[in-house]
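One chain follows as structure tokens, the form predicted alone.
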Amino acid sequence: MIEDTMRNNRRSFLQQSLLGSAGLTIASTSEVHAAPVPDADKPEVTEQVDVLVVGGGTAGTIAAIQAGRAGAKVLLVERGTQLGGAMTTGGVAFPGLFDAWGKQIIAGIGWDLVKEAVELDQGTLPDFSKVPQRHWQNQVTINQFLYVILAEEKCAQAGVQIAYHEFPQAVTKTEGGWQVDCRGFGTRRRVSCRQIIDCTGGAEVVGLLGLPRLREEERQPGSYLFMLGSAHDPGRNQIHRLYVHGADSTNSRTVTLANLTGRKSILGRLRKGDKRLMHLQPETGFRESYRIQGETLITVNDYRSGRRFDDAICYAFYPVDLHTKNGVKPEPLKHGIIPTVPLRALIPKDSRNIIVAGRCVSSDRLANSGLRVQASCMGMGQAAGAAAALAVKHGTTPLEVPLKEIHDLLRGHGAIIPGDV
């Protein structure tokens, strides 16, 4: 009897809600149907691919698309729920910089994706022919939510398979490459692959392999992005930033602490004022973690001088930008200087069949403070995807692929190679 009454009350509430008589409004509902996943009730999954990309952030998304477009069979594993990393989950939806000194210096797959996101959102792009007084004036502002679904579309078109909520637990060398055991809730995936691209930000696969990594005891603060008072208009404005000092992306425990610390502080601000919370990113944006010790290391002197490495695969451009407890004072590069990134800085020292891209690039701390931004990470990601796909084709390791072939493949997909501009 009691259960019948409860069911009737619930049914009455829902009916009143749908009719608006309960003072509530429910948005109209549309629907789509997800295709069934084969053997979804079985936890064990096996995959055989050419290239495994670990980390679907700024660099990893572009690496996967490039490898797929080059003909490789690609699996992209991402521990979160969406692509884009710092640009989407972290909310730093103003990727830069794609230009330097009046000309575009980073293009290709990442730029095409950013450009389409802006145009579909009816936004505007900077005029790269004009040299701004301040570097941030040529930042591109994108709709982070739109970027996610466009990135997924480009992956699908390139034949890239995406596995969300999964991450490697063990990596073992095999005669033909690697065996990688990944875990997700309800899923145990064993992947056989010929090449790995580590785009985890902190070179976590490199760490699993016991290869050397670099990191200082003190790290730059992370930023928690939110908006109080007025609605955030994605693609049109930037949002408020809270420094989270001590933010550390080393593992799930340190990330949890950074997120709890940021959200607690934002709640305190909200209670002290009279503004509403209008927007809150799901997690802290991290600036700094482990970097690989590569076959070469980009120093801040290399970066400041615009050294043209003999195996350069992309440009990078941003001030030396080290955030501290006292804030940040960007150090602009001298006029005409455009740094480059060498292939050897993406290769963990004394390794084979693995390459990295993104902020874990082999570099000292000050050089990394300029290299870690999204446009440069996109350029590195595309180069890593090209090198890995060609390594599969030739049955070799990325560092042994002829540099001209990497350059030619990148140019064929719209990238700008150092020396081309």
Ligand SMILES: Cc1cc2nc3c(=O)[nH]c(=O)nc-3n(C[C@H](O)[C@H](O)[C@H](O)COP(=O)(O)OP(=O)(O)OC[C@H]3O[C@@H](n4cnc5c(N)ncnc54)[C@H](O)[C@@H]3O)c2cc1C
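Start at 1 with the first residue shown and count on from there. All values derive from a computational prediction rather than experimental measurement.
Just so it is clear, the following notes concern the form predicted in complex with this ligand, a form of the same protein that is not shown.
> Among 143, 289, 139, 351, which has at least one heavy atom within 4.5 Å of this ligand in the predicted complex?
Comparing distances to this ligand in the predicted complex, the residue within 4.5 Å is 139.
> From the list 65, 392, 54, 355, which entry has a heavy atom within 4.5 Å of this ligand in the predicted complex?
Looking at 65, 392, 54, 355 one by one, just 54 meets the 4.5 Å heavy-atom criterion.
> Just one of 125-133, 342-350, 161-169, 147-155 has residues with a heavy atom within 4.5 Å of this ligand in the predicted complex, so point it out.
Looking at the partner contacts, the answer comes out as 161-169.
> Can you confirm whether 105, 294 and 362, the three residues that make up this candidate site, all sit within 4.5 Å of this ligand in the predicted complex, judged by heavy atoms?
No: no residue has a heavy atom within 4.5 Å of the partner.
> Going by a heavy atom distance of 4.5 Å, is residue 86 a contact of this ligand in the predicted complex?
Residue 86 belongs to the contact set for this ligand.
> Taking this ligand as it sits in the predicted complex, is residue 373 in contact with it (heavy atom to heavy atom, 4.5 Å or less)?
Flag for residue 373 set to yes.
> Answer for residue 178 alone: is it within 4.5 Å of this ligand in the predicted complex, judged on heavy atom distances?
Taking the distances in the predicted complex, the answer for residue 178 is no, it never comes within 4.5 Å of this ligand.
> Hey, in the predicted complex, does residue 110 get a heavy atom within 4.5 angstroms of this ligand?
Looking in the predicted complex, residue contacts with this ligand do not include residue 110, since no heavy atom lies within 4.5 Å.
> Out of 68-83, which residues reach within 4.5 Å of this ligand in the predicted complex, heavy atoms considered?
77, 78, 79, 80, in sequence order.
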